[in-house]
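Coming up is one lone chain in structure tokens, specifically the form predicted alone.
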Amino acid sequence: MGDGTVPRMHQRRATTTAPARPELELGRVVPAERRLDGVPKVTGQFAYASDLSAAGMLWGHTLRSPHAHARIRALDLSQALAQPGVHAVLTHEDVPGQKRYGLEFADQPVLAFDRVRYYGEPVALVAAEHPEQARRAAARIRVEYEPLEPVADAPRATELPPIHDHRWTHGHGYLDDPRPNVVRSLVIRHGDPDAGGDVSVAGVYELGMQDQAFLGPESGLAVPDGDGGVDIYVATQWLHVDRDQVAPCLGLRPEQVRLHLAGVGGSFGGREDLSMQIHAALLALRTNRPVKMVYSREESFVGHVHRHPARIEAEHRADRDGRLVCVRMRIVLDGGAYASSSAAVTSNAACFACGPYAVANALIEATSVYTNNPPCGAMRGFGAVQTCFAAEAQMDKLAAALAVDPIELRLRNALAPGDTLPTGQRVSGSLPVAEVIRRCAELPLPEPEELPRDAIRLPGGAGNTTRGEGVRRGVGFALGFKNLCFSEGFDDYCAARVRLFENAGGELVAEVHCAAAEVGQGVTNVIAQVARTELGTENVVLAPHTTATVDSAGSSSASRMTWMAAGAIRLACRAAREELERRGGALAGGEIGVERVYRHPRTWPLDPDTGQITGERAHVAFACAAMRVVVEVDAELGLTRVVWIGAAQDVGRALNPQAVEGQIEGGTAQGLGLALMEEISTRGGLIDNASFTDYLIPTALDVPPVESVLVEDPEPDAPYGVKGVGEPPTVVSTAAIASALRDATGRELARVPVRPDDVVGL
């Protein structure tokens, strides 16, 4: 905060009418204890993936491309192999199985062959006794490149030569777009896309490339098992899908590759894709020694996917009363060199382009493209962030054109259960949009601070050289929503296994196995809460998260893990309890072991030609959030300060209100970063600012007090009525901050992050 204190969030809870179902009763789940990982993390005792070690361990290092686009003409490994301490130097020729992998489409080489398609693409690997020996040996590898013209301008990518010879995403149920470099093209036609209104506003909006900027770099340890298999200890978001990509590339059966969750230092989508998993395993199996890999910070910036930059053209038409008549939007997303999750991000951007508003007519055209820029994929908010920024700017423009209060305009158009989305899906679960708007609008704004004041409380903080004479105050509002869980027919499930046994004192103990990745969001607390609730015992032990003992839990992403893990743990615990009751309530020295799989209600794909649903739904459920923001802008220096943020969020049923509070605060901080400072800068595909010196992220001095209201309206199809809460704050906060900046400056500010040059000299 501007006064140098630690940001705090003030929580209020508003409970709306809940369905009369016993399992949805408030207090049905036992209260959460303090974070299981809280004390070790704040005391520095927590073991992250980068802290791992093993006897006889070697260090791995990756040689990466210095070009965004080039042919590989020749590789000479001789000097690297002759370096002291080197045990292996590997290229694509040493990959024993499939040469490519991918989160959704296997389009990405394990190690580049033929050509490189982005700056930092892995070309060769080295294993040595010491990390410095590995780095020096990698520097001795001689690669002959023939530079090629990069495809770096996403809006023009469909007019330029293809960077992939094969159309990897064709034949998967999407529209098979014939244009070059298209990852996915989705058109949603709803009602009459040519319907006119009394008032029309239009704009072109852009968002830069944002990095997840997690503090723990990509790292892990691969240990050969002596029988041709390998154990991989890694910071990841989805153990089983990692295994299913790694094993084919190693030429091994899935059971020969065991993934174990190591300590995760943040994820936010950036660990859904593989980083060092295959590489460390290749080196370990070649050398028959454990191999550890830890990326440097610069390497981390090129070693994972980022948020898609976007260019969005939007037009909103309304009648004189402010009712939306038609929304038209054209979205271009830069997917970078490989597909990653661009297809799903494209769908989300399109599906949520209109915002949580009732719109009778719409035409949404969304396209993600391949370029030679850094690969982009999942990041918190996942497509909805980009379109929320554009859609909410349009709503503010429309309010101004109609001379209507911006909050009132949103209330007039608020989506509600029973309404139909542009995809044709009817909202059937809970979605208290109007209540969220009202609760946020009711939060009292802070009074303006008097001038002059200490520089630390001025825009720019200690860097401000004025006494605040040019400070202007602005107030903004934004609303957004997003889907929960996976969509479009994906077989989204979570498994859990429960083992009941007696300890030495004869007390019942429950050992719970679930591969849900704890990435800082607190899912381990949820697992323990549910197990204690269902089994009626405090003696609950969480087993290590691994592929070796339980089926997949899916990814810690898409605001799904609380919902899915709670569902799976509840099923397994109830089955174990029933078996215990069948045995008369006593184990008599034996034990019970059951595994159950939970699936949420089925979803269906979108029609590739119309973007309409082909079954009952494309998305499982939705959550919305609203934010009201107060900013100050120094008109002379171009500096900004976010003074206060008020948030109201639809949370279903909050199992752990304190954890929800933390998610809202963290998500808001990431949205603030995108609004004001965070952008990966590229020139011709090359990254200019691959360090925290040049890539800025918010600090405690940048994040203001966040006052939050939890609107509890239980989701009828979810266990205990829960909803995921991690993404909506990020979806809406960038748009809300930009809205406040526009109010303070009177400028359009159609691009984020907003730079000092955009607001200076008013």
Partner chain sequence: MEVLTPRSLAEALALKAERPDAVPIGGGTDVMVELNFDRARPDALLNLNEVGELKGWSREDGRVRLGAALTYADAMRPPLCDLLPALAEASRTVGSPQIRNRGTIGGNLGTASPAGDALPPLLVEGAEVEVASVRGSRRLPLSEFLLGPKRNALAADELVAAAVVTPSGQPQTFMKVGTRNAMVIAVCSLALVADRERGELRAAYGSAGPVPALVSAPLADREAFAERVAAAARPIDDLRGTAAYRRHALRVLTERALERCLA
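Residue numbers count along the first chain shown, from 1. Everything numeric here is computed off the predicted structure, so don't read it as measured data.
Below, we refer to the form predicted together with its partner chain, which is not included among the displayed structures.
Out of the listed residues Thr420, Gln612, Ser691, Ser200, Ser691 is the one that sits within 4.5 Å of its partner chain in the predicted bound form by at least one heavy atom.
For the residues Ala138, Leu75, Met677, Val241, the 4.5 Å heavy atom test against its partner chain in the predicted bound form is passed only by Met677. In the predicted bound form, at least one heavy atom of Thr465 sits within 4.5 Å of its partner chain.
For Asp634, a non-hydrogen atom is located within 4.5 Å of its partner chain in the predicted bound form, even though that partner is not displayed. Put simply, Ile407 is far from its partner chain in the predicted bound form: not one heavy atom of it is within 4.5 Å. Interface membership of Ala414, defined by any non-hydrogen atom within 4.5 Å of its partner chain in the predicted bound form, is ruled out. Just one listed stretch, out of 422-430, 283-291, 469-477, 612-620, contacts its partner chain in the predicted bound form at the 4.5 Å heavy atom level, and that stretch is 469-477. For the partner-free chain shown, just Glu132 of 111-133 comes within 4.5 angstroms of its partner chain in the predicted bound form, judged by any non-hydrogen atom.
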